[in-house]
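Next up is one chain by itself, shown in structure tokens, the form predicted on its own.
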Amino acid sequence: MSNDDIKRLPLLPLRGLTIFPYMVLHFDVGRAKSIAALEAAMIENQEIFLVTQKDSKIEDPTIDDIYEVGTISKIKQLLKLPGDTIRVLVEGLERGRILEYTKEDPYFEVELMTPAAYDKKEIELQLEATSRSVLSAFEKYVKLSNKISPEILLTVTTLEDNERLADIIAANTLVKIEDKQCILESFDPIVRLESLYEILIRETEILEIENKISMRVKKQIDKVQREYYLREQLKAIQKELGESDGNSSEIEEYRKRIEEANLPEEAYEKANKELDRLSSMAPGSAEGSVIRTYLDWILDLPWNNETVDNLDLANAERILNEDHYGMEMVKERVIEYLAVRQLTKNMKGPILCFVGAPGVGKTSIAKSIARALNRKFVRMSVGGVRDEAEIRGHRRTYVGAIPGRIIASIKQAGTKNPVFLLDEIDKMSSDFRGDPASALLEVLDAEQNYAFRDHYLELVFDLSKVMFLTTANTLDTIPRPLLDRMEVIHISGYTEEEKLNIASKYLIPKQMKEHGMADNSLSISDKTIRSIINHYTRESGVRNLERQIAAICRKSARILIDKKTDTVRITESNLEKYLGIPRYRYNKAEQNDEIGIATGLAWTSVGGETLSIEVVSMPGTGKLVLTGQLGDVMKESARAGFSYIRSRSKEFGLPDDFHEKTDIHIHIPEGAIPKDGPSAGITMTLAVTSALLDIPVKSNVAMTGEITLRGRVLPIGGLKEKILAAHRAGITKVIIPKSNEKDLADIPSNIKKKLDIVMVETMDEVLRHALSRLPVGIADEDKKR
């Protein structure tokens, strides 16, 4: 195909509009350049070159903003409109391609070429085949599209000139300017039809996808509308029958609550499934009440509610010091947790286990931690729990099933990150209903509890943000796997000095406030408080001390009312008047050195105690008698000590057959109280040695330590409480195992200053420090050294 005609015509750029040959249309012209082009065309032969702008937003286009191919058109009519606008009616004549711009002002003028004539017979068959493909694609496109009039399809199918087919379809069907321009720029009719065919195929595929999406959306909308329509019909029917519509309103209320609850996806789907079941049931069915309870539990749980932690370290330290005296380890651990939380926002809640005697403040420190962190506090006592379902809940197949106490406590807290106290965890037990301690393994594992699943709910609930605290009096009864998941913090018993501070700073003001007494209406001296501690209580904690103070406050309140006085003074001399005769006395150190009597130190659940161990030797047949309700371990320690003495009989100057002719009787006073443990081993051995050798034991010495057959001294527990008991009893020297040296860090410095603490590794060293004189053999050994 060759160029056979070149024309020079004014150019008018079109915005958002493409004109094809044989197409008649009108448009409005308002730009000065465009009006000038129209006027120039009307002066000549009324022909003008119409070309589309590449970007319709450009107000004043340049040569680069105009396509190269357009349509030579004939101006049919001009109509002036108000506001300097001209409406033009044009008819497209033929395509043209710009060769050169001959003028740019006051209007565009171009030199262009038009397509040359070609032999139609030569391409008639190819044109016919391509036209049929285009018509087939166009028919499919029209079926899928709702925007094309069927008359256009009729016009196109009755068209005899295949060359014009592409132009008519493109002008009436295509939306994109780029697609229209693509057809317009194809001078060759075969290429034009092929380009149109590709565009129609692409547009048909897009329409098919759009129809699929719209059908899917329509189905969903239809389902919602259908359900709404049926529900409205059901309401109308119930109203006509006079039945209550309470059930349907209840369903709607539940549906509204589910939408507003912001539930996790699993809980949302489960709640809707159960609600659908409920809506299909009779209002009074038994199963309906079960579903209602289940839905209430789901909707009442704090799935997303959290309190914001107060990470102010100074504030937390102030609150902890306000509520508790001492407990430095616990306070330090909480401050460390807050410090780490400031550095990392996603720290999992720690699992702390407070171990200590009753009354030392384990439960109350948990409340203070919650207050310091600005978290909700929940307490669950697991003492005596023996059913695994108490932790994990019952399955809904059981009548009266409810969630476990973990989920119930979280609901009670109202947040998903409370401080959760599991009290008395050492007192759980198990039976045929399961082992609750094993059920707690998942709860108290920071790597697992983010997906805790209660048997009743059967939904995942995140416990990882809960700060779990546990309390116990002893670690012995806690299963090892459970203990392994917890960070153990030992809270030892209070010293007399600590009890004095706690009483004066916390307990007395608290009890005065509870009994409605003014700040200066009760006066108790420190000496009087010490007397209450020593003679009216016997405990590691301060629970009984608080009871005694409460008793004083009650009696003082009566005196204030009866005698109309302003102040009541409690002194050592009038203390019996308020609390009665002293209930306890502490063993005091012996005044004189005695043969066969040694002072031992023991740990009890209420603190340390001194034990006066008495031994007598008498002619007999070699019996070893033990009295005073001694346990098996203590009896074995006595036998081991006796075997040690037999092995050293030569050094001690004893006959070889002394064990066959002498009976040994070991007695520990206060026989009604059971006693056990290995820590009295060196004390019993010393007392037996003293009785056999007739050497007195120093009265100012107390001791503790386990003994072996070879006379080595092994470490023991409860050292702090034992040393405090020795100090209280007036002892001045304490013998302890060398291996317990590390435990001396827990002893208050003022106590250590008043005591001579001797560390030993062998029984021989114990004899050197405790006997008033050494056995001959050991004295000789010392001389040789």
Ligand code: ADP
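A residue's number is simply how far along the shown sequence it sits, counting from 1. Computed from a prediction, not measured in an experiment: that's the story for all the values here.
The form predicted in complex with ligand ADP is left out here; the points below concern that form.
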Does at least one non-hydrogen atom of Glu546 fall within 4.5 angstroms of ligand ADP in the model of the complex?
yes
Going by a heavy atom distance of 4.5 Å, is Arg538 a contact of ligand ADP in the model of the complex?
no
Closest heavy atom of Tyr506 to ligand ADP in the model of the complex, within 4.5 Å or not?
yes
I'd like to know if Ser364 sits close to ligand ADP in the model of the complex, meaning any non-hydrogen atom pair within 4.5 angstroms.
yes
Can you pick out, from Pro678, Gly359, Gly383, Pro264, the residue that has a heavy atom within 4.5 Å of ligand ADP in the model of the complex?
Gly359
Taking ligand ADP in the model of the complex as the reference, which of Ile502, Ile529, Val88, Met467 has a non-hydrogen atom within 4.5 Å?
Ile502
Please name which of the stretches 494-502, 622-630, 572-580, 229-237 has residues with heavy atoms lying within 4.5 Å of ligand ADP in the model of the complex.
494-502
Can you tell me which bits of 687-720 touch ligand ADP in the model of the complex, meaning any heavy atom within 4.5 Å?
none
